[in-house]
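Just the one chain here, the form predicted on its own, laid out as structure tokens.
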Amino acid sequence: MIIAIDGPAGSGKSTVAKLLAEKLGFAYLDTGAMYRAVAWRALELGLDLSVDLDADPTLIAIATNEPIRFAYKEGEALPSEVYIADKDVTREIRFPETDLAVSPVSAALGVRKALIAQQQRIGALQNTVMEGRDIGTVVFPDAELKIFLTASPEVRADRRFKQNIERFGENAPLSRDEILADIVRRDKYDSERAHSPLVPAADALTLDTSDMSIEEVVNWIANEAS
């Protein structure tokens, strides 16, 4: 069974997907981390991400030829580390500069084709929870259960700011207002991009999580999966 969870930045889909996978005993695949890994590598190589990236040979080569893999701690079902070309980028892919780079990189058609092929192969092997922005529309259009999570931009900014404080402490790199501005920018960019825009699948169940706890969301989806 494939459970596809889509939604905009800060909607809680990553946290929900991880907890749902644990609750159901499914595998969890963090597709967003795959795009972030490619974005980080593009930044490391100094690529200009302000231009049309659809046919950029270096970017496509990263996505095609530099394998992305996840590492797991013994006895745990969820991946704890992310690697690209055998370099551990678990922390780097969550840095603010990667946040800014991931939208244009993930919109590049060559990158999406390369990573979607990997995701489809992995998901076909076992019961899987996958989250991203086009899982139900492009990666697994035949998924048995499709969920589109959303929340107001303000609520999503509050969540992301709290995560940054927990991760970086008082040295959190972005203010709450800066995060809100970035979320609004990413929503517009992701919903209007030419390839695989951020839209709910026609048969997806849409859930507004603004006033719901993570536990409530996970239980709601688990009930739909049963």
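Quick caveat: nothing in here was measured; it's all calculated off a predicted structure. Numbering starts at 1 and follows the sequence shown.
The protein also exists as the form predicted in complex with a small molecule; that form is not presented, and the subsequent description refers to it.
* Asked: Could you tell me if R94 has a non-hydrogen atom within 4.5 Å of the small molecule in the model of the complex?
  -> Heavy-atom contact with the small molecule at 4.5 Å: present for R94.
* Asked: Going by a heavy atom distance of 4.5 Å, is R133 a contact of the small molecule in the model of the complex?
  -> The answer is yes: R133 has a heavy atom within 4.5 Å of the small molecule.
* Asked: in the model of the complex, does R41 have a heavy atom within 4.5 Å of the small molecule?
  -> Looking in the model of the complex, residue contacts with the small molecule do not include R41, since no heavy atom lies within 4.5 Å.
* Report whether the minimum heavy atom distance between V102 and the small molecule in the model of the complex is within 4.5 Å. => Output for V102 is yes: heavy atoms within 4.5 Å of the small molecule.
* 188-196, 56-64, 170-178, 41-49: which one contacts the small molecule in the model of the complex at 4.5 Å, heavy atom to heavy atom? -> Within 4.5 Å of the partner lies stretch 188-196.
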